[in-house]
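Next up: just one chain, as C-alpha coordinates, the form predicted alone.
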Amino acid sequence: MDLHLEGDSALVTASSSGLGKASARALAAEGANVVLNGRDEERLEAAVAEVREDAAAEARVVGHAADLTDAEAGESLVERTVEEFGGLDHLVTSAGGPPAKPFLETTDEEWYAAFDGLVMSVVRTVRAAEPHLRESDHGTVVTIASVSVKEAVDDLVLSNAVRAGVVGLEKTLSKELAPEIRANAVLPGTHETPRVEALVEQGVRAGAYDSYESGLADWAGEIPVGRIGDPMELGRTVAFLSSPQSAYISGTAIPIDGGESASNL
(Lines give C-alpha, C1' and ligand atoms only; values in the text may rest on other atoms or scores of the structure.)
Protein backbone atom coordinates (compact mmCIF):
# COMPACT_ATOMS: atom_id res chain seq x y z
CA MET A 1 0.00 0.00 0.00
CA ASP A 2 1.34 3.41 -0.97
CA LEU A 3 0.91 5.66 2.07
CA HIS A 4 1.39 8.87 0.03
CA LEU A 5 3.90 10.33 2.50
CA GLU A 6 6.51 11.35 -0.08
CA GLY A 7 7.84 14.83 0.65
CA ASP A 8 5.95 15.21 3.92
CA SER A 9 7.80 16.42 7.00
CA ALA A 10 7.78 14.50 10.27
CA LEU A 11 9.21 14.96 13.75
CA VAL A 12 9.62 11.89 15.96
CA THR A 13 10.62 12.56 19.56
CA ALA A 14 12.72 10.14 21.63
CA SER A 15 13.64 8.31 18.44
CA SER A 16 17.31 7.42 18.90
CA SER A 17 16.31 3.85 19.80
CA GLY A 18 13.38 1.50 20.31
CA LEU A 19 9.88 2.19 19.09
CA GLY A 20 10.54 5.84 18.31
CA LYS A 21 13.39 4.89 15.98
CA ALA A 22 11.24 2.22 14.33
CA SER A 23 8.57 4.86 13.67
CA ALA A 24 11.14 7.19 12.13
CA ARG A 25 12.43 4.34 9.95
CA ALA A 26 8.94 3.53 8.72
CA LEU A 27 8.15 7.16 7.87
CA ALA A 28 11.45 7.69 6.04
CA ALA A 29 11.01 4.42 4.14
CA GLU A 30 7.74 5.86 2.81
CA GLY A 31 9.51 8.98 1.57
CA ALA A 32 8.86 11.39 4.42
CA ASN A 33 11.55 13.79 5.59
CA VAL A 34 12.20 13.07 9.27
CA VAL A 35 13.82 14.75 12.26
CA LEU A 36 14.96 12.27 14.91
CA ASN A 37 15.50 13.26 18.52
CA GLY A 38 17.41 11.92 21.50
CA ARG A 39 19.48 13.07 24.47
CA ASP A 40 22.65 11.09 23.72
CA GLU A 41 24.28 12.68 20.66
CA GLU A 42 26.39 9.64 19.81
CA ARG A 43 23.43 7.27 19.89
CA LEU A 44 21.34 9.79 17.95
CA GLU A 45 23.95 10.00 15.19
CA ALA A 46 23.97 6.20 14.92
CA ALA A 47 20.17 6.15 14.70
CA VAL A 48 20.15 8.80 11.97
CA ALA A 49 22.65 6.75 9.95
CA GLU A 50 20.53 3.62 10.37
CA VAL A 51 17.32 5.37 9.34
CA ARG A 52 19.05 6.87 6.29
CA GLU A 53 20.02 3.38 5.14
CA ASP A 54 16.37 2.32 4.97
CA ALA A 55 14.97 5.65 3.75
CA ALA A 56 13.47 6.23 0.34
CA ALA A 57 15.85 7.94 -2.06
CA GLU A 58 14.05 11.27 -1.85
CA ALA A 59 13.75 11.34 1.97
CA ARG A 60 15.97 13.54 4.13
CA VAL A 61 16.83 12.44 7.65
CA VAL A 62 18.42 14.65 10.31
CA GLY A 63 18.93 14.49 14.06
CA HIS A 64 18.39 17.09 16.76
CA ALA A 65 19.61 16.38 20.29
CA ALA A 66 17.33 17.63 23.07
CA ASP A 67 16.10 16.50 26.47
CA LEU A 68 12.31 16.43 26.46
CA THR A 69 12.15 17.25 30.17
CA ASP A 70 13.54 20.68 29.21
CA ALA A 71 10.58 23.03 28.85
CA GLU A 72 12.10 24.56 25.70
CA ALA A 73 12.88 21.26 23.95
CA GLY A 74 9.56 20.87 22.15
CA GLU A 75 9.77 24.32 20.64
CA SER A 76 13.38 23.85 19.54
CA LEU A 77 12.55 20.52 17.87
CA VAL A 78 9.63 21.98 15.96
CA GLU A 79 11.68 25.01 14.90
CA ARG A 80 14.45 22.73 13.61
CA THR A 81 11.97 20.64 11.62
CA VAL A 82 10.37 23.69 10.00
CA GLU A 83 13.79 25.18 9.30
CA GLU A 84 15.01 21.99 7.63
CA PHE A 85 11.91 21.04 5.66
CA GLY A 86 9.80 24.18 5.36
CA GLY A 87 6.93 22.90 7.46
CA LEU A 88 5.63 20.13 9.66
CA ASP A 89 2.99 17.59 8.65
CA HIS A 90 3.34 14.80 11.20
CA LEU A 91 4.31 14.71 14.86
CA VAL A 92 5.05 11.41 16.59
CA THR A 93 5.66 11.59 20.33
CA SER A 94 7.53 8.94 22.25
CA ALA A 95 9.22 8.71 25.64
CA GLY A 96 11.17 6.14 27.60
CA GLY A 97 9.41 4.15 30.28
CA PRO A 98 9.53 5.30 33.92
CA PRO A 99 11.13 3.04 36.54
CA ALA A 100 9.31 -0.15 37.53
CA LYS A 101 8.10 0.16 41.12
CA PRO A 102 5.05 -0.66 43.23
CA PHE A 103 2.94 2.21 44.56
CA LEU A 104 4.23 2.26 48.13
CA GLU A 105 7.86 2.49 47.02
CA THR A 106 7.31 5.37 44.59
CA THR A 107 8.34 8.84 45.77
CA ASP A 108 6.73 12.19 45.02
CA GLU A 109 9.82 13.12 43.01
CA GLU A 110 9.39 10.03 40.81
CA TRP A 111 5.71 10.86 40.23
CA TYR A 112 6.59 14.40 39.13
CA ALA A 113 9.44 13.17 36.94
CA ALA A 114 7.18 10.63 35.24
CA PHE A 115 4.51 13.25 34.59
CA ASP A 116 7.07 15.67 33.19
CA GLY A 117 8.68 13.05 30.96
CA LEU A 118 5.55 11.31 29.72
CA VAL A 119 2.85 13.99 29.66
CA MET A 120 4.40 17.46 29.67
CA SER A 121 6.87 16.49 26.94
CA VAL A 122 3.86 15.78 24.71
CA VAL A 123 1.96 18.88 25.83
CA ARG A 124 4.85 21.20 25.03
CA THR A 125 5.72 19.61 21.71
CA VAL A 126 2.12 19.56 20.47
CA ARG A 127 1.66 23.16 21.58
CA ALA A 128 4.67 24.21 19.50
CA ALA A 129 3.68 22.05 16.54
CA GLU A 130 -0.01 22.98 16.36
CA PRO A 131 0.18 26.08 14.11
CA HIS A 132 2.41 24.27 11.62
CA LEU A 133 0.26 21.13 11.61
CA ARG A 134 -2.79 23.29 10.91
CA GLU A 135 -1.07 24.71 7.83
CA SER A 136 -0.55 21.19 6.47
CA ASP A 137 -3.14 19.59 4.22
CA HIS A 138 -3.10 16.50 6.47
CA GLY A 139 -1.58 17.25 9.86
CA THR A 140 -1.37 14.36 12.32
CA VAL A 141 -0.26 13.59 15.84
CA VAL A 142 0.49 10.01 16.85
CA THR A 143 1.38 9.33 20.46
CA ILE A 144 3.26 6.17 21.44
CA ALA A 145 1.97 5.20 24.89
CA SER A 146 1.66 1.68 26.33
CA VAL A 147 -0.86 -1.13 26.57
CA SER A 148 -0.63 -0.54 30.33
CA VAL A 149 -3.28 2.18 29.92
CA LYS A 150 -5.73 -0.59 28.97
CA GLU A 151 -4.62 -3.16 31.52
CA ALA A 152 -2.49 -2.33 34.54
CA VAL A 153 0.84 -4.16 34.78
CA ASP A 154 2.17 -5.32 38.14
CA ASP A 155 4.84 -3.04 39.68
CA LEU A 156 4.47 -0.44 36.91
CA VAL A 157 2.36 2.07 38.80
CA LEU A 158 3.90 5.09 37.08
CA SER A 159 3.30 3.76 33.58
CA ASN A 160 -0.18 2.49 34.48
CA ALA A 161 -1.28 5.83 35.90
CA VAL A 162 0.63 8.53 34.06
CA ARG A 163 0.47 7.13 30.52
CA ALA A 164 -3.32 7.12 30.84
CA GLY A 165 -3.07 10.91 30.94
CA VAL A 166 -1.30 10.87 27.57
CA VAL A 167 -4.18 8.95 26.00
CA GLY A 168 -6.70 11.32 27.59
CA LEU A 169 -4.76 14.19 26.05
CA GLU A 170 -4.70 12.47 22.65
CA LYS A 171 -8.50 12.00 22.73
CA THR A 172 -8.96 15.66 23.65
CA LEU A 173 -6.64 16.78 20.84
CA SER A 174 -8.62 14.71 18.33
CA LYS A 175 -11.63 16.91 19.09
CA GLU A 176 -10.09 20.31 19.81
CA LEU A 177 -7.71 20.30 16.83
CA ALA A 178 -10.18 18.82 14.33
CA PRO A 179 -10.75 18.86 11.46
CA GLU A 180 -7.34 20.12 10.35
CA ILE A 181 -5.36 17.78 12.61
CA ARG A 182 -6.01 14.13 13.43
CA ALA A 183 -4.71 12.62 16.68
CA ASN A 184 -4.30 8.94 17.54
CA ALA A 185 -2.32 6.79 19.96
CA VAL A 186 -0.66 3.39 19.69
CA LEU A 187 -0.39 1.17 22.76
CA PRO A 188 2.55 -1.19 22.39
CA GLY A 189 2.82 -4.42 24.28
CA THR A 190 6.07 -6.38 24.42
CA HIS A 191 8.43 -5.66 21.52
CA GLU A 192 12.05 -6.63 20.96
CA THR A 193 13.44 -3.22 21.89
CA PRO A 194 16.88 -2.63 23.44
CA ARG A 195 15.20 -2.50 26.86
CA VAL A 196 13.68 -5.97 26.42
CA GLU A 197 16.88 -7.30 24.87
CA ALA A 198 18.83 -6.14 27.95
CA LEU A 199 16.37 -7.78 30.32
CA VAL A 200 16.48 -11.08 28.45
CA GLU A 201 20.28 -11.00 28.32
CA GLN A 202 20.33 -10.28 32.06
CA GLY A 203 18.18 -13.37 32.55
CA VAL A 204 20.62 -15.45 30.51
CA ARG A 205 23.55 -14.25 32.63
CA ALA A 206 21.61 -15.01 35.82
CA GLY A 207 20.84 -18.54 34.64
CA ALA A 208 17.10 -18.00 34.25
CA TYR A 209 17.32 -18.82 30.52
CA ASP A 210 19.59 -21.19 28.64
CA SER A 211 19.87 -18.79 25.72
CA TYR A 212 18.60 -15.50 24.37
CA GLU A 213 16.16 -17.39 22.13
CA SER A 214 14.72 -19.37 25.05
CA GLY A 215 14.34 -16.10 26.95
CA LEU A 216 12.36 -14.56 24.11
CA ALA A 217 10.19 -17.67 24.00
CA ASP A 218 9.49 -17.32 27.72
CA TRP A 219 8.52 -13.66 27.31
CA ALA A 220 6.16 -14.69 24.52
CA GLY A 221 4.49 -17.40 26.60
CA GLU A 222 1.30 -15.41 27.27
CA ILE A 223 1.05 -13.74 23.85
CA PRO A 224 -1.59 -15.38 21.63
CA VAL A 225 0.34 -14.88 18.38
CA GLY A 226 3.22 -16.83 19.94
CA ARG A 227 6.02 -14.24 19.81
CA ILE A 228 6.96 -10.76 20.91
CA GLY A 229 6.67 -7.89 18.48
CA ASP A 230 9.14 -6.55 15.95
CA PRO A 231 9.46 -2.76 16.55
CA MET A 232 8.93 -2.16 12.83
CA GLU A 233 5.44 -3.64 13.10
CA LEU A 234 4.58 -0.78 15.42
CA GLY A 235 6.54 1.68 13.28
CA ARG A 236 4.55 0.79 10.18
CA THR A 237 1.31 1.30 12.11
CA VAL A 238 2.49 4.77 13.13
CA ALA A 239 3.29 5.56 9.47
CA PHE A 240 -0.18 4.37 8.43
CA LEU A 241 -1.87 6.55 11.07
CA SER A 242 0.18 9.50 9.81
CA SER A 243 -0.88 8.93 6.22
CA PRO A 244 -3.90 9.98 4.15
CA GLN A 245 -4.78 6.28 3.94
CA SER A 246 -6.08 6.55 7.52
CA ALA A 247 -7.94 9.82 6.93
CA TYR A 248 -11.11 8.67 8.76
CA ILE A 249 -9.27 7.42 11.85
CA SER A 250 -8.97 9.91 14.71
CA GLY A 251 -9.27 9.73 18.47
CA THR A 252 -8.32 6.06 18.63
CA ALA A 253 -5.89 4.23 20.92
CA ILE A 254 -4.79 1.05 19.17
CA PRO A 255 -3.20 -1.82 21.16
CA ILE A 256 -0.32 -3.45 19.30
CA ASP A 257 0.38 -6.38 21.57
CA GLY A 258 -0.22 -9.64 19.70
CA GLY A 259 -3.51 -10.07 21.55
CA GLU A 260 -1.81 -10.17 24.97
CA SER A 261 -4.07 -7.78 26.87
CA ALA A 262 -7.38 -9.07 28.24
CA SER A 263 -9.22 -5.75 27.94
CA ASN A 264 -12.42 -5.77 25.86
CA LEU A 265 -11.98 -2.11 24.88
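Heads up: residue numbers just count along the shown sequence, starting at 1. Note that this is a predicted model, so its numbers are computed, not measured.
Not pictured, yet referred to below: the form predicted together with a small molecule.
Colleague: Even though the small molecule is not shown here, does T69 get within 4.5 Å of it in the model of the complex, heavy atoms only?
Modeller: Yes, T69 sits close enough to the small molecule in the model of the complex that at least one of its heavy atoms falls within 4.5 Å.
Colleague: Is there a heavy atom of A46 lying 4.5 Å or less from a heavy atom of the small molecule in the model of the complex?
Modeller: No.
Colleague: In the model of the complex, does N184 have a heavy atom within 4.5 Å of the small molecule?
Modeller: Heavy-atom contact with the small molecule at 4.5 Å: absent for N184.
Colleague: Can any non-hydrogen atom of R163 be found within 4.5 angstroms of the small molecule in the model of the complex?
Modeller: Yes, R163 lies within 4.5 Å of the small molecule in the model of the complex.
Colleague: Ok, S250, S9, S243, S16: which has a heavy atom sitting within 4.5 Å of the small molecule in the model of the complex?
Modeller: In short, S16.
Colleague: Using heavy atoms only and a 4.5 Å cut-off, determine which of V78, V126, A114, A95 is in contact with the small molecule in the model of the complex.
Modeller: Of the candidates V78, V126, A114, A95, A95 is the one lying within 4.5 Å of the small molecule in the model of the complex.
Colleague: Report the stretch among 48 to 56, 202 to 210, 34 to 42, 235 to 243 that approaches the small molecule in the model of the complex to within 4.5 Å, counting heavy atoms only.
Modeller: The contacting stretch here is 34 to 42.
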